[in-house]
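Encoded as structure tokens, the following chain is the form predicted alone, with no partner shown.
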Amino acid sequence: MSQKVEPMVIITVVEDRPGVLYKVSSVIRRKGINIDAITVAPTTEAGVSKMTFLVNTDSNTINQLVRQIEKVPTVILVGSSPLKNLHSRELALIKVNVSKPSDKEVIYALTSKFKAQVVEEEAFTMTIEIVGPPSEVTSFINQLKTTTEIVDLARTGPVVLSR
């Protein structure tokens, strides 16, 4: 019987040393799992970082990955959870084409609806910042695509905390 594949998060607390990201991501790569997003940042403890991996897989595979990642010598702690069970936020910066006069009005209405911010406005482009749950960021981007041309896009991937 096959298990349900869903967005899952692997959180690792590691010693902040060169090569740790490579070692942990190699465990995931060897299992043939695509990493959809990675965030890495220092914790409040000196020399310790938290790495968050977003993958789409089932709970059996996640459990196997966690057991294998625990064996990496510089890993201090490993955990996993379905993305939906965590507090998660993602940041996106999106530059859009606003060469038509009506574009700006539509985009301002959309940014208001999603509580996004215009961080720069030029003659023919606008740069917008949105912070929110990954599904909300994706919904905003999809609605922008129906409104105007996206010139450039950068997303952080989810940053998560347990509930």
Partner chain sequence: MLVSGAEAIVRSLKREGVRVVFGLPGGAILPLYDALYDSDIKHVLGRHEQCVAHMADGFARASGRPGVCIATSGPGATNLVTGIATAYMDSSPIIAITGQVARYMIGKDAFQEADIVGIVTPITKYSFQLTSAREIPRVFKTAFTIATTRRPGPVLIDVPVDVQREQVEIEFTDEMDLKGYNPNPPRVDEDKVKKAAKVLAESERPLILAGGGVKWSGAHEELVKLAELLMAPVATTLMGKGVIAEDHPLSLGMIGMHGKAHANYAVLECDTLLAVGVRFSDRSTGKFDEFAKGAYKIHVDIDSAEINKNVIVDLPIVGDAKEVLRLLIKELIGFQGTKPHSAWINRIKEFKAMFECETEGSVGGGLKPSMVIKTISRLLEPGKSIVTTGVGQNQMWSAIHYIAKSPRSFITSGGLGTMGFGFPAALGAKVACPDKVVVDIDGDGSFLMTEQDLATSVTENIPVIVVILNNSALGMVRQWQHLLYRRRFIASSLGGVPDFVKLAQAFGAEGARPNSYEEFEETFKQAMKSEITTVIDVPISQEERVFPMVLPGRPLSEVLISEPKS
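These figures come from a predicted structure and were not determined experimentally. Residue numbers count along the first chain shown, from 1.
Although not depicted, the form predicted in complex with the partner chain is the subject of the following passage.
For the three residues 26, 73 and 76, a heavy atom within 4.5 Å of the partner chain turns up in the predicted complex in every case. For the partner chain in the predicted complex, the listed stretch (130-138, 93-101, 65-73, 34-42) containing residues with heavy atoms inside 4.5 Å is 65-73. For the chain shown alone, residue 149 is not a contact residue for the partner chain in the predicted complex, no non-hydrogen atom being within 4.5 angstroms. Although the partner is absent here, residue 17 lies within 4.5 Å of the partner chain in the predicted complex, judged by heavy atoms.
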